[in-house]
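The form predicted on its own is given below as one chain in structure tokens.
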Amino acid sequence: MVKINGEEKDVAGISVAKFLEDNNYDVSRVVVEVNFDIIPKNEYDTYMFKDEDSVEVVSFVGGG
């Protein structure tokens, strides 16, 4: 299991890109942190979640 934004999810072995796509995130407006390290956007297709990962997906919202 992988903890994403505080919630346990069964996504071990799934790429960051696939997870974001499946959950309707706008890749251009998020940052993904895994175990306190920010994953570069150019690694989203190749970085696979592993059991016990702790993930934060932070979305940016425009406004004024």
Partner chain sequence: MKNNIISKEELCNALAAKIGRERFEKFQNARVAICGAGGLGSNVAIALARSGVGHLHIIDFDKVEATNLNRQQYKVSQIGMNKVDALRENLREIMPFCDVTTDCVRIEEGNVCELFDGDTIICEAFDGAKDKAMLVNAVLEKMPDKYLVAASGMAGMDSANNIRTKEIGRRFYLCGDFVSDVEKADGLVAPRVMLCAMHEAQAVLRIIDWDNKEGN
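Numbering follows the first chain given and starts at 1. The model shown is predicted, which means the values in this text are computed figures rather than measured ones.
Beyond the structure shown, there is the form predicted together with the partner chain, which is absent from this document and is the topic of what follows.
Although the partner is absent here, Lys41 sits close enough that one of its heavy atoms falls within 4.5 Å of the partner chain in the predicted bound form. In the predicted bound form, Asp53 stays away from the partner chain, with no heavy atom inside 4.5 Å. Residues Asp26, Ser28, Arg29, Val30, Val31, Glu33 are the ones in 1-34 with at least one heavy atom within 4.5 Å of the partner chain in the predicted bound form, listed in sequence order.
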